[in-house]
Every structure is written in C-alpha cells, then in structure tokens.
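A single chain comes next, written as structure tokens; it is the form predicted on its own.
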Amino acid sequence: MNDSAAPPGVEAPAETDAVDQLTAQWARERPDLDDLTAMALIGRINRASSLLLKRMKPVFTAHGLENAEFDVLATLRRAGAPHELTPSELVLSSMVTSGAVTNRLDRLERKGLVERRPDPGDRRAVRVRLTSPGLDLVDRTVMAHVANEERILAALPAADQRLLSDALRRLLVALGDTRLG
C-alpha cells in the first residue's frame, strides 16, 4: 500500500517518486495513518524546492553570483528606476534578517554591483542602488534564469504548469502569503 494507490475509478500514476517510497514506508509501519495525501503533497513541495534551487544555482554561478545575491539585485531591478531601496525595504522583500541583508550588500558592494548612498530625506538612513554594472548583470542573469526555469519545467505541459501554479497560489493565499514583505 502506498500513496500512489489510486482510489476506485481513478487511474494510478504511471511513475513513482521518492515521496511514494516514503509514504509506502509509513503505510507499512503505521497502517493506522489512513490518508497520507497531505504528507505526500508537502513532501513533494519541499523536495521540489530543494531540487529547483540546485538546478538554478549553476546559472547564478555562471554569472558570478549566489542565489541570495541575485535575489537582492533582482529586488532592486524590480523596484524600477532609479533601482534603489532602503536596507529595511530589502529585508521585507527577501524575508531574511537585517544581518543577512547587510552581508549580501557588503559582498555586492565589493563587487561594484550596488552602492550605498545617504538618503536625502533622512540623514540617518542610507539607500542601496544598483550600479550600472549591477543593472547590466541582473538584466543578463534574469534572461538566463528565466530560460533555465523554462527548461526545468519543460517536463510539464503548459496546461499542467498553469494548474500547478494556480493550486500553489491558492495554497499561498490560504497561508497568508498575499504580498511581498
């Protein structure tokens, strides 16, 4: 018995994955756990996240970046001209600690990809801005990144991609993830 055993009238999947093995082990060891659908789904989301990060890393590495550095550059790029935000705004967008953002900014500043400037409206604050080389790099990297994402998802037909995206959107909304920051 495993989670890939289909209910009556529903065709069983032709392929199995590691999560099918995991849920089969639970079903064998704890037959009292009647429905392992939630465990299987969350397991697949977690495993997919880990595998996706591994598949995206080479694109960032090829551009001299780490995933976290690309995240900062992309956040500044999406902010629109003049492509600048405060460190606090970057913390909200990336959902990491201010210390982690500071470390990322230090690395990106050493690489000449961002600059910190005094905030003209508040002398105690700074603003972080993409430099011209930073803007060029993030624009080149995002092109390669999107192409890589398309390659990664090529195993799923476009209709399945839309269905999965819609289902995950509903889950994220139910979890309260309705806006950046």
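Numbers follow the displayed sequence, beginning with 1. This one's a predicted model, so the numbers in the text were calculated from it and none came from an experiment.
The protein also exists as the form predicted together with another copy of the chain; that form is not presented, and the subsequent description refers to it.
Another copy of the chain in the model of the complex: contacted by all of A68, V101 and S132, heavy atom 4.5 Å: No, the candidate spot makes no contact with another copy of the chain.
R116 within 4.5 Å of another copy of the chain in the model of the complex, heavy atoms: R116: no contact with another copy of the chain in the model of the complex.
Partner contact for A62 in the model of the complex: another copy of the chain, 4.5 angstroms, heavy atom: Output for A62 is no: heavy atoms all beyond 4.5 Å of another copy of the chain.
Distance check, R124 to another copy of the chain in the model of the complex, heavy atom within 4.5 Å: The answer is no: R124 has no heavy atom within 4.5 Å of another copy of the chain.
Partner proximity in the model of the complex: R47 to another copy of the chain, non-hydrogen atom cutoff 4.5 Å: Taking the distances in the model of the complex, the answer for R47 is yes, it comes within 4.5 Å of another copy of the chain.
Heavy atom within 4.5 Å of another copy of the chain in the model of the complex - qualifying residues of 53-75: Sequence-ordered list: L53, K54, R55, M56, A74.
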